[in-house]
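For reference, the chain that follows is the form predicted on its own, supplied as structure tokens.
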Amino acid sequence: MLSHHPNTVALNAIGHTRWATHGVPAERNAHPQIGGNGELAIVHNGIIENFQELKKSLLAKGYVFRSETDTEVLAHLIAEGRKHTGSLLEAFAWALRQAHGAYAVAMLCPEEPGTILAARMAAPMILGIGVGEHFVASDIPAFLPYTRDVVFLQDGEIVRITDHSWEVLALDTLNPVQKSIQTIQWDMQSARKGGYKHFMLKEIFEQPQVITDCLTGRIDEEHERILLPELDSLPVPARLHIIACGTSYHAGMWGQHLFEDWARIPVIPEIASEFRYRNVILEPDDMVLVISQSGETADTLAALRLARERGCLAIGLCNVVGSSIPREANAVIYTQAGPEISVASTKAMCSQMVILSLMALYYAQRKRLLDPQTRHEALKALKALPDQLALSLPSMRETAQKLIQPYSAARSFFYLGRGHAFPLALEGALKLKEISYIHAEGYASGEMKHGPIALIDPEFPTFAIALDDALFPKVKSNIVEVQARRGPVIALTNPGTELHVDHLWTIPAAWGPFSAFLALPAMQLFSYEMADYLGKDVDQPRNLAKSVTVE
């Protein structure tokens, strides 16, 4: 950050709140890290993959290391660069050209007061343009109270800022790069808690508005048609690879059922970190859909680049405008979910599921596969979801608050689901373990008896997603199997189903697969209330970052 106010000298500062990637969480490994003999300081997000080789070379030259971080290696490397180049900027670029891996780095040097140098490579960095002050940050909310004017930096770019000027340069040549300023449409109020105890709770309760925003302008009411002009110039995929990580991967798995059922498009959900390291078989008519809330997820971005290298068309499904994935995909659909601050993703998955629903209907429309009645019911149900969910969320929270205490001593949980509820089971388990630190495993209900049923005992509860659909009788049988081993059961179900379990949690039903939009926040609230009851840091769980920008 750099700022200047009348009657004051220019103030500049750098800082980084980080989780440890190299070395234990201790003061010696905290940022900023100091280079040379205290002549410069840097903060760094990412991983320098060749830091050990660089460190060995620097040790031989007499540099003293006080931390175990790769960041200190980079700091000393910049100091070494000053011996080989004519200016601080050239030394900064010289060092970064030798560093392999991912970085978003910012540097201060007392010899150039009032100046910050920053650069990005495979890690997010955004420039904020203010009046008498400029900013660099990994994400927009960091400087949103001060400006909504931003410049999106690309890999291999350096930015030099003072209180009154900014310029972007190419890392390899140090030639100026022309950039345009964009204005962010959402404001700081969107990124504040708004009276909620945690951002996660606020973002769960924002999901009705998220659904409304996702649908706005994407349905032709008169002709009951889906409008996705972003995809009009691309062919209908013969086969679709949906590539993502974590919660976005679960959304993609859920979307698979809709693409295959309505549009008859074969879908392969792929974990990005696995896809990028396989010798994948991609046919000429294959297409990839990469899903990332931030648009900066390192493995997903690498998978996108691999697919493009193999000649595949790529669609990006992202929330953050101007991020890396939208810039590199052939087409992008923005979820328009607004800022998501809590590390545990909630409304982002909801928005991704809405867009996936629209995409499946859109491709069915282009292939002329969907009968008018099914299309009418689907669109009617989608448009009804915001009001239905808004009415249901308060009572869902009350139920979650009542349920958590009997299960707060549990060390492990099963989450079971079938069909489109299986990805929901995976997501429910992920939410519970990432914010409450209770081990949880999502499982396809029919697979339970192929091994995991051996774990069931009176101390091992099961959260069963038993929605009123064609697979309900099968799920009911799986619940009986759990009860036969004396395992306690919470069943998330719809009105009218017959279940006898320890705790029956009834939520409203929606048409077809859209009951998922009510089951999802119920499980999110269960995890939230459990973590809050146990006194955990809900919005900033240990060892996790909002955007995973390194492997």
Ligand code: F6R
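Note that the structure is predicted; figures quoted are calculated from it, not measured. Heads up: residue numbers just count along the shown sequence, starting at 1.
Only in words, not in the display: the form predicted in complex with the named molecule, which the text now covers.
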query	finding
Contact flag, residue 130 vs the named molecule in the predicted complex, heavy atom cut 4.5 Å	no
Contact test in the predicted complex: residue 246 vs the named molecule, heavy atoms, 4.5 Å	yes
Partner contact for residue 80 in the predicted complex: the named molecule, 4.5 angstroms, heavy atom	no
4.5 angstroms heavy atom contact with the named molecule in the predicted complex for residue 370	no
Partner-facing stretch of 163-171, 457-465, 246-254, 231-239, counted where any non-hydrogen atom is within 4.5 angstroms of the named molecule in the predicted complex	246-254
Whether 297, 344 and 431 all lie within 4.5 angstroms of the named molecule in the predicted complex by heavy atom	yes
Contact residue in the predicted complex, chosen from 324, 351, 293, 445 - any heavy atom within 4.5 Å of the named molecule	293
